[in-house]
Ligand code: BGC
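Just the one chain here, the form predicted alone, laid out as structure tokens.
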Amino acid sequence: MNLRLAFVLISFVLSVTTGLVLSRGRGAATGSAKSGGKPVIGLSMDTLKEERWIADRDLFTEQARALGAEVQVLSANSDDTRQLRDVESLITSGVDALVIIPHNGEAMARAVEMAHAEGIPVLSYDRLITNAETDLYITFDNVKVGELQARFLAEKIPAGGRMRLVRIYGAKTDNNARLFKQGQDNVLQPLIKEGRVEVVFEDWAEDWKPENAKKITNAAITKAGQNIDAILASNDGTAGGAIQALIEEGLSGKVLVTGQDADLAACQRIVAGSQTMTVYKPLTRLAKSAAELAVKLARRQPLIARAETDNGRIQVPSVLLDIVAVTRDNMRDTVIADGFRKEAEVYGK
């Protein structure tokens, strides 16, 4: 399809969809956009136990309020049943639009159904809700995240040599984890076939928990000994767990370790030398863009998405943001220059 035509069609679909949502109506909510007051956005979050998600919540809420909206936030503590109850509570309270960061993308398909039954549009935030007629999806290009991580390691393979690699994937319940793996595979599979990369151990870290990544790393060391060149950890939390295992074995700083999210602890580890890289996803831009889109959905305003994502049921109109690899060499030029991290926090000055 012609790209310009795709833009127009996506805009038309969204306009028609939100128009239908508005015409279905629902119980009037005090102060809602429907009654001419402030739009109310419901934000259903998987967890607030990680630094990254606290930042997302605060940035999203600040931007939405700056645009004249109110935000109701509920966190499910990585519990699917609780998150569905949270969504039901937000719907009952009379929100005008629903933003969901799913713990389990498939489980939240039911949440989309419940919202649509009450005429409420749904924005899937960073993690894809699968097998549902989600109205909009905003994230980073997660396949490219995995490619960037793997390409970084591939460039470290010595000429004529090979790399012995441990792979730590994210949570199986998170569709993003599978997209990261897909991107990693795009780069690694040819190298594995050529014998330039040997995967000595691999596993999924349940719920992205660092302690599970540590267990995976311990198991890898038990199997392969200290003959490990790199650990491809899919995010900074799992990288931290892996590094803890390396520290205990006296291997910290001797093994390449990837990450993602530019967590403060990860940035500190990178300048200290125990972690090698992270993928910086401009979370400020993600959260603020999501808030702007959510307010438009709440006000039933047309909007344009430049991409689509197959969620197993439909091609979801999508907004995909750019990413960058961060190392010790470009730390100041990326996360610090953007104001995402303060130099004094990262370097301890």
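Throughout, we count residues from 1 along the sequence that is shown. On a predicted model such as this, the values are computed, not experimentally measured, just so you know.
In what follows, reference is made to the form predicted in complex with the named molecule, a form of this protein that is not presented.
Mapping the unseen interface onto this chain, D135 falls outside it, with no heavy atom inside 4.5 Å of the named molecule in the model of the complex. Using a 4.5 angstroms limit between non-hydrogen atoms, R167 is distant from the named molecule in the model of the complex. Residue contact check for D86: none of its heavy atoms lie within 4.5 Å of the named molecule in the model of the complex. In the model of the complex, at least one heavy atom of E50 sits within 4.5 Å of a heavy atom of the named molecule. Here the chain stands by itself, but in the model of the complex one stretch of 218-226, 109-117, 123-131, 92-100, 123-131, has heavy atoms within 4.5 Å of the named molecule. Scanning E147, D261, D141, D80 against the named molecule in the model of the complex with a 4.5 Å heavy atom cut-off leaves one residue, D261. Only one of K281, K38, R57, K296 comes within 4.5 Å of the named molecule in the model of the complex through a heavy atom, and that residue is K281. In this stretch, 190-219, the one residue having a heavy atom within 4.5 Å of the named molecule in the model of the complex is W208; the partner itself is omitted from this view.
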